[in-house]
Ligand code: GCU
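We begin with a single chain expressed as structure tokens, specifically the form predicted alone.
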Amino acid sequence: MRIPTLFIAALAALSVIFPAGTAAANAPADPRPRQDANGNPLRYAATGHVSNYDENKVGTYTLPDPLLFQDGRAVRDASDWTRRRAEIRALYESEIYGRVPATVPAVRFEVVATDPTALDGLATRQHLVGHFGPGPDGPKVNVVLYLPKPRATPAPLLVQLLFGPPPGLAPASPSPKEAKTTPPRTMPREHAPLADIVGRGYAYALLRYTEIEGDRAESHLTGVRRLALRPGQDKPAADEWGTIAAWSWGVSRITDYLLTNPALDTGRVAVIGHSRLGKTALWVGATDERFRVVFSSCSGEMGAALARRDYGESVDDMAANFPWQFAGNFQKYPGKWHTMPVDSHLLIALSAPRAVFVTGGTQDQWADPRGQFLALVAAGPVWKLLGRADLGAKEIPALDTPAINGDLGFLYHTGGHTILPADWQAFLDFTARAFNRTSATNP
């Protein structure tokens, strides 16, 4: 068979552009600017979309109504909301984060160390290890738990996902392949006021998210999702869990074990996460009603920020850069944001009537702080329907002024993509109010 001349010429041209053994990654760097004049990241999606930071170019959008069923019927009471909530959750499981498969591995826990004199005697510190799967070589997650002392009643529990290892635990060494091919990741600041948390009478559990499932192109199928693959399956199905759902599932399994401890209050539990872990915290709240408070810090696109609002990071960016974090079906939506059956206000509403606290930073416009605030406002009618207090604001609050009097809370801090000490204090105050409104018998 003769090979067409034009095909041969095309191959020759490609051999000049990319000689044998040269990857496309070695092509000349993209000359387009990577930041705008204010230092905000610029991304150029394959769909042609370019990051926007101009409020005048956000465009118009219509959000799905949380209080309308998909068939157009109105949600009129708490019973209706239970059914509408199930409808929204099913959409998120099918189209966005993915459903947890029935083949998830079993988890067993052991206490490997106990220090009764932690924090100068304020707490007992336990090091727990969770083992996923039946074999001794399966993934394992290290959990550090601080129990306040003395205590006359069970302690409320805060659970935080971390980017780095919990305090006192050495970071895991990268694999030889990762060490050669992957630059070190800069960890966001996430230090909590340990003494203050324990001093308020809270127990505090910390874990590193990547010990549940990896978060890189080369490692995102090396943890619990790998163990859940069925015979002949080389990746999750299009509607099965991405890594955000896997991390969320792991948090719930860890909480299962923690709450077997009679020293902990099963009716007052909170989850904390920053950035992609802020997205995870929102999904934890959506899927596990034991969590009475959700703290989602700077979670941005596909977290607390409205996806239909064209500002900062976009659906296109998330789908291209972090496809493993979502169900395969999420790839339907780059360039078609308005066709998504959900948006972030619905994700937030899945926690109603429980409490949700969201933060954003002035130097983190990539995460669209205003879009996060607007999502809280749009979720508010659900709390009102259920007889609870919404955010209580229609305009974004003044900088560094917490809006935490209702069951929805927001703080716009001066600063970047981080959890600041003032964020922690506002969250702890917000949580104290929420816990005072709840108990194991009165959600």
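The numbering used is simple: start at 1 and walk along the sequence shown. The structure displayed is predicted, hence computed values, not measured ones.
What follows is about the form predicted together with ligand GCU, which we do not show.
This chain lacks the partner; the member of Q365, S299, T210, Q160 within 4.5 angstroms of ligand GCU in the model of the complex by a non-hydrogen atom is S299. Taking M318, L306, L147, I197 one by one, only a single residue has any non-hydrogen atom within 4.5 Å of ligand GCU in the model of the complex, and it is M318. Among residues of the shown chain, E240 is not one whose heavy atoms approach ligand GCU to within 4.5 Å in the model of the complex. Taking the partner from elsewhere, H49 is found to have every heavy atom lying beyond 4.5 Å of ligand GCU in the model of the complex. In the model of the complex, no heavy atom of D343 sits within 4.5 Å of ligand GCU. Of the heavy atoms in R388, none are within 4.5 Å of ligand GCU in the model of the complex. Note that among 78 to 86, 113 to 121, 347 to 355, 275 to 283, the stretch whose heavy atoms approach ligand GCU to within 4.5 Å in the model of the complex is 275 to 283. Shown here without ligand GCU, the chain has E313, M318, F322 in 311 to 336 lying with a heavy atom within 4.5 Å of that partner in the model of the complex.
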